[in-house]
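Only one chain is given next, in structure tokens, and it is the form predicted alone.
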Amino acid sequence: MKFTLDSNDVSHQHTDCIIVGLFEEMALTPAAKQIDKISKNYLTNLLKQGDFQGKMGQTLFLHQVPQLNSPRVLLVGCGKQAALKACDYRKIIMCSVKALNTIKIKDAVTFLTELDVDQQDDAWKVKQTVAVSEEALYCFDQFKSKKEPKPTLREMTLSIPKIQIKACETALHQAVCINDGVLYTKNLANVPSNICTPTYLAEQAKKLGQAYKNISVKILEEKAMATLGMNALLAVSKGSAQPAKLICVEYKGTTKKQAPVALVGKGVTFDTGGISLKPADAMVGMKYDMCGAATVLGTIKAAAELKLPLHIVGIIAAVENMPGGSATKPEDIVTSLSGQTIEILNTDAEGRLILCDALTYSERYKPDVVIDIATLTGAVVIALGQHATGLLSNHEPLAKALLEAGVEIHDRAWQLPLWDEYQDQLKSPFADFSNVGGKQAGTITAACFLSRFAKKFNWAHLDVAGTAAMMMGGSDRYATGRPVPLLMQYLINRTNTRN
């Protein structure tokens, strides 16, 4: 969808629909007041009839409002008249766009940007309007024989005060590029695992390299990984007929010599649990175990679209975790690329095994910071639900920067402790340590495991098991594209700091 900015008032709008907000108790927003004045109290008289109460998310179409150029006005309830919370604003935008999609409207002008959102400016509202509008209209029907009807809405104009236009143009450009990355990530993650294999992921990475001249791609095959000694990663793929891939995607947005930001993604294209086999119902949604990989590619695509003057390296460990005659067994011991030995007590704790070798491999790029993204533990879903990404880090300034970026773009994370006391849970009598630490603090002990491979750089771990995909039931499953917004806002802030 095309998004534009405009500073004209409602009387000068020629569009299929004007969107305005109304609060409870017949309180009109500024644009609604103007419509009411132009139409000689049309809205006031309507509200007195009680057909619209202004409750949060309520919508009502009005047709042929007197003296307006637009044939329709969409009223959107904004709840009680007070500064809105960020989640309230997003809900209002979501309800308005879904309402527009119920009838054949090609373009609309929204005045919901005039709403007062607690501690947020116009630029923030522009970013959220773009993100939520695209989310409301998203559809993935690639594998349906009967396609879903395409949304008729093609253009959305956002009303912004003239003095704020320049700042909001920057925000709009960023929002559109970020959404490109989110959409790419969603579409890639939603592809089923009989198509989206490690080889398929490698092919998608190559296509990115072909599409952007400042992106280069290198693929390491299993033979090369074996020669290097990436035995932890290869232990996961041993039971599968699909060969593992280490996908290295390098974006150079600047000619200046710059230590890169390394993004390391978990790319388990399907996770059966291996020999530690999951129950049947727990396998539904396991195609989303490569959302970390999809996020890395989506973030690099967005960075290239935005032309960020940064050096970014994406490293994706892509495998399929299957049971088989050659599959890794519980109590097997492997030597990782770092030289540390691991007793594999649970083959369903495979994400950390592929990430540890990928983290060690990232050292050769001499990164300034390393951020891994992984649907790593079910424990993080129990702890934080589907609203916040779990964040653990060995470098507090990096953790703080990621947390602040998440709040700024409303793709939030929550930091968990990485205390030494938790490391004891990984003790093994036969190897340097095991790959699991028991039922207690599962998200933390998983990060403790990874931290043993991140001692040479500033590192943060994003556990997105609860946020990268929604699992609301058998028929309500979808990728969210998170945490692409968080990572992109972090990269944008990093660029601004350098400038």
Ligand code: BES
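From 1 onward, residues are counted along the sequence shown. A quick note: this is a predicted structure, and the numbers were derived from the prediction, not measured.
FYI, the form predicted in complex with the ligand isn't displayed, but the following is about it.
Although the partner is absent here, Asn346 is a contact residue: one of its heavy atoms lies within 4.5 angstroms of the ligand in the model of the complex. Thr377 belongs to the set of residues with a heavy atom inside 4.5 Å of the ligand in the model of the complex. Although the partner is absent here, Ile105 lies well away from the ligand in the model of the complex, with no heavy atom inside 4.5 Å. Not displayed here, the ligand is approached by Asp289 to within 4.5 Å at the level of heavy atoms in the model of the complex. Lys278 is the sole member of Lys278, Arg154, Lys427, His173 with a non-hydrogen atom lying within 4.5 angstroms of the ligand in the model of the complex. The partner is absent here; in the model of the complex, the one residue of Ala465, Leu462, Leu450, Ala32 having a heavy atom within 4.5 Å of the ligand is Ala465. Of the candidate stretches 270 to 278, 396 to 404, 69 to 77, 252 to 260, only 270 to 278 contains residues with a heavy atom within 4.5 Å of the ligand in the model of the complex. The candidate spot formed by Glu350, Val436 and Met471 lies fully in contact with the ligand in the model of the complex, as each residue has a heavy atom within 4.5 Å of it. Of the residues in 234 to 268, only Lys266 comes within 4.5 Å of the ligand in the model of the complex through at least one heavy atom.
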